[in-house]
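The chain below stands alone and is given in structure tokens; this is the form predicted on its own.
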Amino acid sequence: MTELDLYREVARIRALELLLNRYISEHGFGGFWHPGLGQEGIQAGAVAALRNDDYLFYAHRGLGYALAKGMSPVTLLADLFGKTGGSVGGKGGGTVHFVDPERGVLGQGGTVGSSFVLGAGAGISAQMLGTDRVVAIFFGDGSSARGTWHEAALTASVWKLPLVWVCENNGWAISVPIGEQSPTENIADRAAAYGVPGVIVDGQDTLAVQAAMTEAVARARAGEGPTLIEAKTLRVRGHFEGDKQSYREDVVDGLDVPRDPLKLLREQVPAEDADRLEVEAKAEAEAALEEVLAMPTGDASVITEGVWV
């Protein structure tokens, strides 16, 4: 993917982030939106290294993962607002739960850290079926404390499963700083215990993320097993939109992003193209929201749809 293609994706993600921030501040929200403002470069850069048929297990912070994988902003917003036009037909409104198997978007479990074992299972299926699909599993530094990470990592490394773990280390697990939740500064240091590569990358640099992910994906596709990528980033907003962050001293309750991935990437593309893509991204986001707000909300009957026992 070229620099201009990446800029388009980062701009599209940023437009949705700002749109949701504005909508929630003006109208409120019937759930918890976990903003990914400032982390768009990780999501766009990493997903850019995947094929359409590669599997994706996204994290809960933002919509950028699935948008970059090809899902429509209309579908994603509809899922977030609990509308029937979403990928899950009105289930799961208020937080990110969406799925698109044709694009490899396999969703996530209902608890933090469940994607580690789900992703390992997807990797086993790809291996058993003899495909060269790769599984990307995104998570935060807080999720790395879950036992599911260690269980999945042990199996995946021994069986050389085609996985790439992408840790978005923004320094906070809800309200707990990284120094109080981990004995090591770097999550990537844990990879050595499982005999797999651990790579640290600047998460604000979209091109650096893409390069690291491209190498890890090639390694997994070649049957050489998993890689752990730790993208160092920051959390601009609260754990959820509306979180006052009284536990932080470094917070600025605004929309400015230090070392903004969009601005850094803008230096690599013609200014007129960047301006055009930003205008297009904002228009796409506004049109998507208008369409979604006109949709009906799912009723109680959707609970039993798609459920087998």
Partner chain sequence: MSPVTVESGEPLGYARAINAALMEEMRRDEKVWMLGQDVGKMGGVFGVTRGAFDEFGPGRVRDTTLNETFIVGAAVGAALTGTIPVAELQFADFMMIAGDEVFHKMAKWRYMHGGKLSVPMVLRLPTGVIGGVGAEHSQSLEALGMHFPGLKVVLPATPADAKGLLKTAIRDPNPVLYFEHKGMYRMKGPVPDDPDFLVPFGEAAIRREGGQMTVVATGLMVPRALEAAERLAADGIELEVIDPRTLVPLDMETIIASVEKTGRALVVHEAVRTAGPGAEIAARIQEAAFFALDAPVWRLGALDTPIPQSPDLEQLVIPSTDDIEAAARELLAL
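Residue numbers count along the first chain shown, from 1. Only the largest set of C-alpha atoms that superpose within 1.5 Å between the two forms is called the rigid core. Remember, predicted model here, so these are calculated numbers, not experimental data.
There is another form of the same protein, the form predicted in complex with its partner chain; it is not shown, and what comes next is about it.
- Mapping the unseen interface onto this chain, S175 falls outside it, with no heavy atom inside 4.5 Å of its partner chain in the predicted complex.
- The closest non-hydrogen atom of E305 lies within 4.5 Å of its partner chain in the predicted complex.
- Contact check for E185: every heavy atom lies farther than 4.5 Å from its partner chain in the predicted complex.
- Taking the partner from elsewhere, I124 is found to have a heavy atom lying within 4.5 Å of its partner chain in the predicted complex.
- Looking at 234-242, 112-120, 209-217, 185-193, the stretch with residues near its partner chain in the predicted complex, meaning non-hydrogen atoms within 4.5 angstroms, turns out to be 112-120.
- This chain lacks the partner; the member of A145, V74, V99, V199 within 4.5 angstroms of its partner chain in the predicted complex by a non-hydrogen atom is V99.
- After superposition on the rigid core, the Cα atom of A300 is displaced by 2 Å or more between this form and the one not shown.
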